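Next up: just one chain, as structure tokens, the form predicted on its own.
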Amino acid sequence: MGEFKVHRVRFFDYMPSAIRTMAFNSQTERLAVARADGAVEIFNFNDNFFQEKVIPGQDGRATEALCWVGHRLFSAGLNGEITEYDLENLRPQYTVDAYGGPIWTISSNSQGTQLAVGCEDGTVKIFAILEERIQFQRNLNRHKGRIISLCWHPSSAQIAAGMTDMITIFDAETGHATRRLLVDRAMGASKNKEVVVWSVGYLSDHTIISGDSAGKVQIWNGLTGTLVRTYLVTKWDVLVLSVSKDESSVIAGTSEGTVIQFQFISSTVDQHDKEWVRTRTFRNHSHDVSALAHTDTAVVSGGMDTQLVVRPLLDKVEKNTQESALRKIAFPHRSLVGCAKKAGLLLFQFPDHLELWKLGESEGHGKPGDRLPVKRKPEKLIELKRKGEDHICCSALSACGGWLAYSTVSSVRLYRIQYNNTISINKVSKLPKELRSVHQLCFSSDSSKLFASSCQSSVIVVAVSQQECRYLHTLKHKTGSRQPVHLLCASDDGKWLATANTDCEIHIYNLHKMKLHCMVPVYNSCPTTIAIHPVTNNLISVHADQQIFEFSLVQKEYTQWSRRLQTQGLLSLWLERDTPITHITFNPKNPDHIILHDTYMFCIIDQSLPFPELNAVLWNQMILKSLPVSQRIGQSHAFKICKSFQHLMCVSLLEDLSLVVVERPLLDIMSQLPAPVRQKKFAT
């Protein structure tokens, strides 16, 4: 595997934002997740739960609710605006003020023709969904107190609205309230304490299900307005409900971090009549569960502890398979760390600022596993705060450490950095007008060019020098895809540029001729990282389903190594990993070595060694060293795994062949969260 001096970095204080709400699109199998900082993430459940898109947040954009209408995504928040997102350019497309104060909830009818929003001023407002915009239609009858939750009946004829102490059923056509369902106050609590109906569900048979601040899940008959059943599930709040597509199951999220499932089944074997029965309790969160989605096969939950949890329902999937495994998505599926290999600098990306650090130095040599004495500590050189309200969506640091760039959805900024005994940073004032809003940034290896991915998968090429920043060319492909480029990679010799978009397309451009060279055959899983080998100029790509490919840029075909790997197949333990590979680097001292990492391990693939058997064990190298020589020889294959470092944000190799490992322990993130409402105690 080789030995490296390792810079173990734990000073990247990455802190994910709490999950506020989510919405699942059963047509496209996409999950939209809104976080407390206003960012929206799109996960593809058909592609191993890959986080394929991120729309950056904005100061003051507090998203309270999300809603899919076909392929279109809408949100509403406490700023009183309804936003539709441009999922191709990863930005808000437009916003409409509802003129009702803060908006607490948004819901669309089953036909996808109307949106209803619940406002602070007590009105339910109906908007018509047009081809390119939404248009206000009418208000339903106004009520005293804010509208907290909404749900349309599948027929689109009625709307159930959750308020303080009551649920109101509206006729969607006339706007009149047809029934009011009074919600009981908390059991044993003061009668002066109001009960907030945080969530409602409206089923085809006119059953209404509600969750409230008194900890109750209640089943109502919407035709007669009578209460059918009450379940007291927590001493705290029931914050959110989600109903399965076939209306046979309902899940409820609580302030205690639990998710409770109710199913419409016969309560006894001999009984033919069905009723709502509490069946399961899931405990996968430490804090409030404020967002839920009920898919056909799983319960998806998120909340204050920032983690997205996918809990398969074992009666819906085959047991003891990859589908039945619990998944916790705690880290982004993209790199937030830039590394200047020649200068020994690290760039950390936060939503509101960037940090530039110089790595420390050690002295002496030691055995594997030894900690070397530190001669010079790591030093924070720059903390660069962004301008404006928009959060940073991407950033890049040149290999020499002399250039730094970042982008928001509205602007790009470029800085010149000079470091002798003191650090100086100067903003490049005049940028080409083509550099307006980009999705990804990347410098060439000689730091003479900046590449920026723009709309319709195009790439803008800009020359950077001490004197000026000059526009050179816009690289375009011919497939017609409008999806954003999420990966950019330039070759070390300056000849090739590779791009990957969320249509699973990988394009190769010749930078000497400034035109498209070829397109890699489209594979049906999205690339999670790409890199061009500095010696062979072969492109290595790893995909969301964990498959690995090597493509020759000169021959315009897959290499023999890649064909052998696909013919034999990757071992099952590799394919069953639940976090994507997010970065690839190479060892210039040994061209056969490919270094890549996910959240829980980094791996050195030795292309000179045979592939492992399909049922082989991926030994941690430190454990493998303790085995007898005969057993060690039997485990000699191409995949060398190291799990000595955990929760990896970046693994990169510097020019001096020392390894940089950036960790963010999950316990450090959990320690910064506010205290939960209830601490779990032993035997309770």
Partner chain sequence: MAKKQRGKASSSSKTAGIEKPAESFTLSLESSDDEAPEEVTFEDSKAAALRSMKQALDTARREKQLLKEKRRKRQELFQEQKKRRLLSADVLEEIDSASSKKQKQSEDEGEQEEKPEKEEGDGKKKKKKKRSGKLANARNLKGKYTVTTVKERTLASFQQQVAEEFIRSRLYGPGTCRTTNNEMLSLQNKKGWNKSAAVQFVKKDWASKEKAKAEKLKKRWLHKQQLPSC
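Note that the coordinates shown come from a computational prediction; the quantities given were computed from them, not determined experimentally. Residue numbers count along the first chain shown, from 1.
We do not show the form predicted in complex with its partner chain, though everything after this point is about it.
Annotated contact segment (heavy atom within 4.5 Å of its partner chain in the model of the complex): 56-64, selected among 643-651, 24-32, 39-47, 56-64.
In the model of the complex, its partner chain sits within 4.5 Å of a heavy atom belonging to residue 78. Contact check for residue 196: a non-hydrogen atom falls within 4.5 Å of its partner chain in the model of the complex. In the model of the complex, its partner chain sits within 4.5 Å of a heavy atom of residue 286. Heavy atoms of residue 676 reach within 4.5 Å of its partner chain in the model of the complex, making it an interface residue.
With the partner omitted here, the residue from 145, 225, 101, 360 that has a non-hydrogen atom within 4.5 angstroms of its partner chain in the model of the complex is 101. With the partner removed from view, the residue among 396, 304, 603, 73 that has a non-hydrogen atom within 4.5 Å of its partner chain in the model of the complex turns out to be 304. Taking its partner chain as it sits in the model of the complex, the stretch 388-402 comes within 4.5 angstroms of it through a non-hydrogen atom at just one residue, 389.
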